[in-house]
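The form predicted alone is given below as one chain in structure tokens.
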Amino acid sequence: MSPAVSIELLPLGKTLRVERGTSLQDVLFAQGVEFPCGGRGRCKGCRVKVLAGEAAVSVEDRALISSDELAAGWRLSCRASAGGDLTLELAQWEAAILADDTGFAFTPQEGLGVAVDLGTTTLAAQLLDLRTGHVLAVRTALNAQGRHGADIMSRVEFAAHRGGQATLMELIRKQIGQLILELLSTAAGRDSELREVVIVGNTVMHHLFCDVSVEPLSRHPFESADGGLKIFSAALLGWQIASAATVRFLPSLGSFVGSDILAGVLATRLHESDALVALVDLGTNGEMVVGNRERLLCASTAAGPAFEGARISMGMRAASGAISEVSVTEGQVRCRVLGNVTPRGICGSGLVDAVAAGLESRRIQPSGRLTGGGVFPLLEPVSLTQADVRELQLAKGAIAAGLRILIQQWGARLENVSRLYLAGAFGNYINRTSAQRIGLLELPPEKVISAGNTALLGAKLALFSLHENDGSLAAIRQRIHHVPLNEDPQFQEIYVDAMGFPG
């Protein structure tokens, strides 16, 4: 065994002891360092500053980091290792992971249940008393797979083309099992009463947890190999819990439309609505449903990771130091920074606000072109570049085009939609007026409802509706028709049109 060395992390005030030569990527993800490209040296999301000790400058460092920053000690942590004692400056993750405290009707049952929302970025799990419906405990975490890529397609590439599927499966099964153990530790000796675990997530998360090959999702026509309901015993998953609980991963609805959207339909009761309604989950993979009690259409569109801050020059997730809100008052740009600290980047909600503010102040043209030198300063040292605006245009164009096509195929018009539910953390924090201003959501703000974590709420509802003879979820799934947007002859034309900003 190699001699141990120390890695001091500032401003966390934490010191790690690791074997000499350990890759920094292996230890820093859990401490808040992001690896948007999966640690392949293609971005700068994992930069750390070496305050003491030595970290060699790599080829990727020279390509992505300026000479002044290299001299100041900045390195890509995915390309560095602990050859000796180090002192590093990094920013701690302060993720606002969305749980759920919505009340709901249910039929009492005996025992305990756990609902899990398995997201690409975050996990949220709740322990419920099935007799009272009360939430007894909550646990949230960053998805441990994130060290191998921030977005869905990075995980698919790692799994399908770099032999990483087993690694990702083991990581997520172990992490969810640990979260459940932590939940049960709060149950005052009732851990043997756990009867049911329901997990929901997008199609890629479903496949990675259930050991279904993601390779078909990496190539045309991007069809899922097997997105059906999967049932496991806790013992089969290697979970060391006292009960013989049944674990169910709910089925997907289409190639990239997961059980998180099925749960969202259940939570928002779209399938019971007389009026035409919509549900949209904004993320790297924009998933959406349009319909009512008569019929439901669903689709997914590759929005890209702009809403989560990736591929944006100073993009980051919603953590301390992120610009989360931008407005223009009397010609002056005003920014809100999470944690009230010196800004170090901009998150998705801030990006949408910033572009809306740029359009209003005419610093950004309807075509997306920046005026005044090709840079839009926000709050020193953060600014938007032309490439940032184009990245947002690609993301928002994909979402808007997908929604237009679903409504069109349903036989309606945008104005016929009575309300639109925004699901997930990004949907909860986005400014609806800004979203309308940039053409992301082409509905009046009063029709847009931030619905919170509908995936987690739907998973909790499923705990009470998965009786052996209860076909409610199966009946809902049968009524939802998946629309492959890439097969629509008008998609490219609508997509290009939707990329522009309203005048």
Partner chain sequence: MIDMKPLYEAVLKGDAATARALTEQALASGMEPITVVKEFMVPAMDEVGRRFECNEYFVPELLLAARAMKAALELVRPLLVKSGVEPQGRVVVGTVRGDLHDIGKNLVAAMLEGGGFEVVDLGVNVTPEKFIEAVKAKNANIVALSALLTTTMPAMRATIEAFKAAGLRDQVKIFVGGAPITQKFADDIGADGYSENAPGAVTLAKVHAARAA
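Numbering follows the first chain given and starts at 1. Worth saying up front: this structure is predicted, and the values here are computed from it rather than measured. Definition used throughout: the rigid core is the maximal C-alpha set that superposes within 1.5 Å between two forms.
Keep in mind that the form predicted together with the partner chain is missing from the display, and what follows is about it.
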Exercise for the section: Tell me whether Thr120, Asn143 and Ala356, taken together, all sit within 4.5 Å of the partner chain in the model of the complex, counting heavy atoms only. Expected result: no
Exercise for the section: Go through Met153, Val337, Leu297, Cys210 and name the one with a heavy atom inside 4.5 Å of the partner chain in the model of the complex. Expected result: Met153
Practice task
Tell me, out of Arg369, Arg269, Arg362, Arg413, which residue has a non-hydrogen atom within 4.5 angstroms of the partner chain in the model of the complex.
Solution key: Arg369
Handout entry: Contact label in the model of the complex: Phe104 to the partner chain, heavy atom within 4.5 Å
Key = no
Exercise for the section: Flag Ser324 as yes or no: does it have a non-hydrogen atom within 4.5 angstroms of any non-hydrogen atom of the partner chain in the model of the complex? Expected result: no
Problem - Touches the partner chain in the model of the complex: Asp129 (any heavy atom, 4.5 Å) - result: no
Exercise for the section: Spell out, yes or no, whether the shortest heavy atom distance between Glu157 and the partner chain in the model of the complex is within 4.5 Å. Expected result: yes
Problem - Stretch from 402-410, 419-427, 243-251, 387-395 whose residues place a heavy atom within 4.5 Å of the partner chain in the model of the complex - result: 387-395
Practice task
Give, in sequence order, every residue of 203-222 that has a heavy atom within 4.5 Å of the partner chain in the model of the complex, or say none if there are no such residues.
Solution key: Ser218, Arg219, His220, Phe222
Handout entry: Cα displacement of Arg155 between this form and the one not shown reaching 2 Å, rigid core superposed
Key = yes
Handout entry: After fitting the core, Leu443 CA displacement of 2 Å or more between this form and the one not shown
Key = no
